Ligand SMILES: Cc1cc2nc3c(=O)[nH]c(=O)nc-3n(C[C@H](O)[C@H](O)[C@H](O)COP(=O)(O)O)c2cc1C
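Single chain ahead, by itself, as structure tokens, in the form predicted on its own.
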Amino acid sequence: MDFFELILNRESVKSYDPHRPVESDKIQKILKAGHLAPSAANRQPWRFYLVSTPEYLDKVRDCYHKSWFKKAPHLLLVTGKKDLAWTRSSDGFNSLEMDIAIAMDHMILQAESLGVSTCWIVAFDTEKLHQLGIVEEGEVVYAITPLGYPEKDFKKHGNKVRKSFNEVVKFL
């Protein structure tokens, strides 16, 4: 599959087989894709937490109340610290959220290329998540994605609803 086909076929999956964990070599490739992502001034202000043990899965699952989320065999938390990210001197822009988005996108696309399903989530309970004591002091969790294989009866929608190309692209 070429890259364009990959991004065309990738979609957020809300169906996971809890009895089919992702193979460790695939997990390693997914995490390595994030590790290799570019960041402003190469600061790499992120940390990735792979949650796979029943004890920690139960804790993290309590931070997002969707039944499908609770079935994923792995949860990937993407965190960062603003003080580790590059800041533009002219206006104080901090690159952390941009850097993390790039790393998350790399991991999600790598997962798709390996047949592993994901769903980019930001609507979790951040306070509850921080109370768990999983992440380091000063780290902020910016995104979570389940990692897993869909249940057998899952079918992709196959149609991406987007604004028209000319509405979002301007040639000057």
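What you are looking at is a predicted structure, and each value in this text was computed from that prediction instead of being measured. The first residue of the shown sequence is 1; numbering continues from there.
There is another form of this protein, the form predicted in complex with the named molecule, and it is not shown here; the text below is about that form.
Subject >> Candidate from 122, 36, 132, 41 lying within 4.5 Å of the named molecule in the model of the complex - any heavy atom >> reply: Contact check passes for 122.
Original post:
in the model of the complex, which of 25-33, 132-140, 112-120, 49-57 comes within 4.5 Å of the named molecule (heavy atoms)?
Top reply: Every other range fails; the passing one is 112-120.
Original post:
Is the gap between residue 163 and the named molecule in the model of the complex 4.5 Å or less for some heavy atom pair?
Top reply: The answer is no: residue 163 has no heavy atom within 4.5 Å of the named molecule.
Original post:
Does residue 15 reach the named molecule in the model of the complex, with heavy atoms at most 4.5 Å apart?
Top reply: No, residue 15 is distant from the partner.
Subject >> Contact label in the model of the complex: residue 151 to the named molecule, heavy atom within 4.5 Å >> reply: Looking in the model of the complex, residue contacts with the named molecule do not include residue 151, since no heavy atom lies within 4.5 Å.
Original post:
Though only this chain appears here, would residue 10 touch the named molecule in the model of the complex if you measure heavy atom gaps against 4.5 Å?
Top reply: Close contact exists here: in the model of the complex, residue 10 approaches the named molecule to within 4.5 Å, heavy atoms only.
Original post:
Are there residues in 58-72 with a heavy atom within 4.5 Å of the named molecule in the model of the complex, and which are they, in order?
Top reply: Counting only heavy atoms within 4.5 Å of the named molecule in the model of the complex, the contacting residues of 58-72 are 64, 68.
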